[in-house]
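Listed next as structure tokens is one chain, alone, in the form predicted alone.
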């Protein structure tokens, strides 16, 4: 191979890697597809098929894969974190509506919204450790930082349940409000935040027993969280209100900023440089781009029907400390 050919090949590889690092993955729940977007050009580069009813996605513990839950086909699709290319399909994962790995990477948990059960797997090989049937439409999940407990919201019954990961048993199941959805454990491991989609705000929960310790009004249809990245502030999508709120969690909960995003704002992710928040708009088939510093919408990209999960493909995978499971919920009535 000539020097010129070697140089050309090297340039091609560098350019290809830069393009991949620039990409954003979006799930189109009601179109059985996912879109790959370009951050720099703010366009949809391609749209590819995936199972049926893909709602949520999660980064693997080793940071090499993004796993997409295909609820109607009972499987997980694995994509390469750098390229977005398909790597494998994991079969026999029943109704993986919401999914996540424990912080220590030992456990993998799914909430089966359609089938009313919570599955706890050994993450190594996705071996089922226990299946707990529980009424109330299991929705979103969060873990404690010690990887001992998983918390699951039950949208229909208005409750929050806690499960012991090692024994796969129920610890407690308590009422928290109307249609709880997003749930996140704060970095201090002493406070859980739960978004009440059937109400107009969030509640603060004691993870030891599920008791409600406070509340905050944010907007109608409070739905899902995403960390700003400083361990203190969290974005919250208020789907009915059409607003994303910025919440300060240091002492008393308070809203310190907001940005109007119409069309059912739902899932969120932040660009690696921390400058932009990307938000799926469930009912407009769009993704909104928000300047984090000014809290202004600076762009929109059209995607498929009912865009849900959104994830930044990275040239080097990084995990945000205290990040909740990356997902939101389904389109339709409350999902």
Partner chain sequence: MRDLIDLWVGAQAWIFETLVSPVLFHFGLMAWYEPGYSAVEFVMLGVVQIAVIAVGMRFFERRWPLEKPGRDDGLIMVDRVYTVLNKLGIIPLAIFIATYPLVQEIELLVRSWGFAPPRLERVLPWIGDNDLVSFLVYFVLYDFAAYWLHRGQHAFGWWWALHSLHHSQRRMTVWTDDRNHVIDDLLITLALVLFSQLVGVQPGEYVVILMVGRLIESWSHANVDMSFGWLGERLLVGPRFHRLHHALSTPAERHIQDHNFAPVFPIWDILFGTAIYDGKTRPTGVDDAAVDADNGRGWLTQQATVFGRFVRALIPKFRRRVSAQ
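These figures come from a predicted structure and were not determined experimentally. Positions refer to the first chain, counted from 1.
From this point on, the text means the form predicted in complex with its partner chain, which you will not see here.
Answer for residue 35 alone: is it within 4.5 Å of its partner chain in the predicted complex, judged on heavy atom distances?
Taking the distances in the predicted complex, the answer for residue 35 is no, it never comes within 4.5 Å of its partner chain.
In the predicted complex, is there a heavy atom of its partner chain that lies within 4.5 Å of any heavy atom of residue 89, even though the partner is absent here?
Flag for residue 89 set to yes.
Is there a non-hydrogen atom of residue 95 within 4.5 angstroms of a non-hydrogen atom of its partner chain in the predicted complex?
Answer yes; at least one heavy atom of residue 95 falls within 4.5 Å of its partner chain in the predicted complex.
Taking 4.5 angstroms as the cut-off for heavy atoms, does residue 305 touch its partner chain in the predicted complex?
Residue 305 belongs to the contact set for its partner chain.
Tell me which of 98-106, 207-215, 71-79, 229-237 has residues with heavy atoms within 4.5 angstroms of its partner chain in the predicted complex?
Of the options given, it is 71-79.
Counting non-hydrogen atoms within 4.5 angstroms of its partner chain in the predicted complex, say which of 84, 221, 177, 136 makes the cut.
Checking each option against its partner chain in the predicted complex, the one that comes within 4.5 Å is 221.
Between 262, 257, 158, 187, only one gets a heavy atom within 4.5 angstroms of its partner chain in the predicted complex; which residue is that?
Going through each option in turn, the one that passes is 262.
Answer yes or no: in the predicted complex, does its partner chain come within 4.5 Å of a heavy atom in every one of 110, 172 and 191?
No residue of the spot touches its partner chain in the predicted complex.
Going by heavy atoms, what in 26-47 lies within 4.5 angstroms of its partner chain in the predicted complex?
Result: 29, 30, 31, 32.
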